[in-house]
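Just the one chain here, the form predicted on its own, laid out as C-alpha cells.
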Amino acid sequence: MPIPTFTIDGVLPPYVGPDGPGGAAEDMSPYTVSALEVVASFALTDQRRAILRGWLSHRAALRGIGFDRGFQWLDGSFVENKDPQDLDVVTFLYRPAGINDRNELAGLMRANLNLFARHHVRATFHLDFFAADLDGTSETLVNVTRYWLGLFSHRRGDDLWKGMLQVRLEDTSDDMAALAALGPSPILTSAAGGANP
C-alpha cells in the first residue's frame, strides 16, 4: 500500500478505505511501507533529509551488532505536515544470535549505549528511539505494544487519532536505495569541495 496522504488535519489517517476500523488489516495503521517509500514521501526539506540520514545510519548500526530482524514504527511530527526536529521510532527487535535471555540482552545494550541511550541517539541520529524485545514474554510484549500504540496513535496536544508507518529491518537493499535517493550529505559534499558552502 502506498503511504496515505495527510488528512485535512495534517496527519496520516488511522485507517483508509470505506469499511472503517475493523476492515482489512492492511487498511489499518501502522501502514507497512519500505524505507525508500519513506524517503520518497518525506524528504522534503534539508532538515527532514538530515533526520532520514540519521535514521538509516542508526538502522545500519543496529544491524552491525546483530539486530537484523524486526520492524520499526515511525511516528511523531516527522510523519505529520509540519517541520520536525526528530523522528519518533519504536523498534521491535529479535535478539541477535547467541543472546539467549534478557540479562544478556541488557548487557549487549549497555555495551552499545551509543545506539540505545535515548539522549545519545537523539543527539547523534535525530531519533527519539525506543526498543522492544520480540523474544521476551508474550504478556510483556502485549503490554509494551499496547502502551506504544496508544501513545503513538494520538497527536500530542489534542489527542487526535492518527496513523503511523511500519518499516522492516531485514532488507538492506531497501535502505541502500533510500540512502541513494537522499543523495550525498551536504556536509560531506562541502568537505569534498562541492557546491555547498
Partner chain sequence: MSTLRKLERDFVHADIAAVSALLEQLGDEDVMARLGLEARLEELQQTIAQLDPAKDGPTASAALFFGGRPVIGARGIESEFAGAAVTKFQDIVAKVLAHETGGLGQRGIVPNKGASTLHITNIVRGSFGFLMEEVRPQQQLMETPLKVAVDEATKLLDAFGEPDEEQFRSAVETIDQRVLGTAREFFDLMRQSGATLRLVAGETDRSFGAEAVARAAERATSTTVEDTDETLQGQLAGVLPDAHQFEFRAGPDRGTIRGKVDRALTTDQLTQFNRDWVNVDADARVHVKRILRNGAVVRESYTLLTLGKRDD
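Residue numbers count along the first chain shown, from 1. Just so it is clear, the structure is predicted and the values come from calculations on it, not from any experiment.
Below, we turn to the form predicted in complex with the partner chain, even though it does not appear here.
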- Message: How about L151 - does it come within 4.5 Å of the partner chain in the model of the complex, if we only consider non-hydrogen atoms?
- Response: yes
- Flag F42 as yes or no: does it have a non-hydrogen atom within 4.5 angstroms of any non-hydrogen atom of the partner chain in the model of the complex? no
- With a 4.5 Å heavy atom cut-off, would you call F67 a contact of the partner chain in the model of the complex? yes
- Message: Just checking whether A106 would be counted as a contact of the partner chain in the model of the complex - the rule being heavy atoms within 4.5 angstroms.
- Response: yes
- Item | The single option of A61, L36, A132, A50 touching the partner chain in the model of the complex, heavy atom within 4.5 Å | A132
- Message: Partner absent here, but in the model of the complex, which of 168 to 176, 25 to 33, 53 to 61, 124 to 132 has residues with a heavy atom within 4.5 Å of the partner chain?
- Response: 124 to 132
- Do heavy atoms from each of I3, S77 and K82 fall within 4.5 Å of the partner chain in the model of the complex? no
